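In the block that follows, a single chain appears as structure tokens, in the form predicted on its own.
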Amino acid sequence: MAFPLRGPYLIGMPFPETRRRMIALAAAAVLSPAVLRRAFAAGEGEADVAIIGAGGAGIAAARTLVEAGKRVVVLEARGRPGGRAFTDSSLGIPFDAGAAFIHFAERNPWIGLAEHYGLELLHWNGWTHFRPHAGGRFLGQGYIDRRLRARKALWPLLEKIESGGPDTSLAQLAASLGEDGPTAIRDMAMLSIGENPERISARDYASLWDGSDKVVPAGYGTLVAMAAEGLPIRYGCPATAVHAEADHVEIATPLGVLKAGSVIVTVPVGVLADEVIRFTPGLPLETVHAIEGIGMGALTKVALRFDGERFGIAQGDDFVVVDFAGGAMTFEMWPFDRDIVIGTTGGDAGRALGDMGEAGAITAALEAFAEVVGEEAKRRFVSGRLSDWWHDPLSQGSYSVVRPGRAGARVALARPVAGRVWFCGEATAGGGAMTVGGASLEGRRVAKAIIAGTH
């Protein structure tokens, strides 16, 4: 078996100990901004708007501001754009290590951008061949029907929550759905949201937009990276401190201190909660409480490449191992007719999988897959890759999850601080939360507000 030595969460970013040293240096730099400004090239130490993060929100904001004639500098800690939208080709077969679906396609701006760049889009029909297994045994149509009934019964309860009921957790709602309800909703939450249902606000979940989904054979991450081309992005340049004055902001970086009229902070909530970026003066309590009210899920993937053998399984089939350690794991079979299987789990099961390291996670996923299709899978296995955003210091999770009782946290986080510091991204996207599309709409919204001079 071939196990690549580095997971995608290490590509283009400093190791944690290196990052801590960079933070210390940049924080000290605030004490001597005149010296450090010289690290920027002439004329590049000032901007109308600084953007921290070149993911979906940062790219959309930068494009909007540049088109309006604003001077923009985007600071990106990684060596690539896209953030949690990343198409990994290290196995010789591309797969989306992060975001994979263009959700609510009817209003998602990435549909138009894909068409602009000439990238193929396909309609995604969902997991239409759901085949649950436990102990290597198919559990049968009766099991499937019971699970589907439990999920269907959840929606009327969510509608009541959305219309004004108490903001409970998904787990509490599931407890009223009969014998199959708790496990059915647990697996749904962990495999789609990346979090255990007891940590998910039912009201926030109920508010998410619905709509059709599209997929990009070339990769969602590929599409996002194309949209970043030509933008004024400084890669390998993490922001470590933001200091707000009455008429400008100063952002500390390893290159020096960047002065701007406003700053748009698009880093994930997990990074904000870890105080990787220091804000002075301190953030208002409303913003602090908003950050505390939002956690990060741990949707974790393992890509398994095989040598062409498909074990009699058709493209589009989806196996679910419901007795995977800590929850369940889905196996998406041969996406886009490629010799690759994508195993996905989430929540505490996803965190535990990441704790194993890449080699251990690949072994665990391959063992679960072989239990379903047979030991031949191990002999025909070529290589694997772990995609673990929870242990990525620049993400600290896959996407934002509002905690029970904190359904107003997204709106509170979206409010600007002192008219100059704006937080935006998938965490502030309301019904578009947890998606690249929602993050991009937020980036565009904030950029337009800054252009219009509204605070």
Ligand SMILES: Cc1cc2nc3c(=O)[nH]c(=O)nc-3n(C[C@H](O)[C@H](O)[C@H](O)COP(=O)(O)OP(=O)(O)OC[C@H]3O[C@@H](n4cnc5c(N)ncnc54)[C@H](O)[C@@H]3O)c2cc1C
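Each residue number is its position in the shown sequence, starting from 1. What you see is a predicted model, and the numbers here were worked out from it, not measured in a lab.
Not on display, but discussed next: the form predicted in complex with the ligand.
S.K.: Which of 353-361, 281-289, 75-83, 112-120 has heavy atoms within 4.5 Å of the ligand in the predicted complex?
M.R.: Only one stretch passes the 4.5 Å heavy-atom test: 75-83.
S.K.: Indicate whether the ligand has at least one heavy atom within 4.5 Å of a heavy atom of residue 97 in the predicted complex.
M.R.: Contact check for residue 97: yes, within 4.5 Å of the ligand in the predicted complex.
S.K.: Taking the shortest heavy atom distance, is residue 386 within 4.5 Å of the ligand in the predicted complex?
M.R.: Looking in the predicted complex, residue contacts with the ligand do not include residue 386, since no heavy atom lies within 4.5 Å.
S.K.: Using heavy atoms and a 4.5 Å limit, would one call residue 399 a contact residue for the ligand in the predicted complex?
M.R.: Yes, residue 399 is a contact residue.
S.K.: Report yes if any heavy atom of residue 336 sits within 4.5 Å of a heavy atom of the ligand in the predicted complex; otherwise report no.
M.R.: Result no; residue 336 lies far from the ligand in the predicted complex.
S.K.: Can you pick the one in 133, 203, 103, 147 that has a heavy atom within 4.5 Å of the ligand in the predicted complex?
M.R.: By the 4.5 Å criterion, the partner-contacting residue is 103.
S.K.: Given a 4.5 Å distance limit between heavy atoms, list every residue of 52-82 close to the ligand in the predicted complex, or none if there are none.
M.R.: Heavy-atom contacts to the ligand in the predicted complex: 52, 53, 54, 55, 56, 57, 58, 75, 76, 77, 78, 82.
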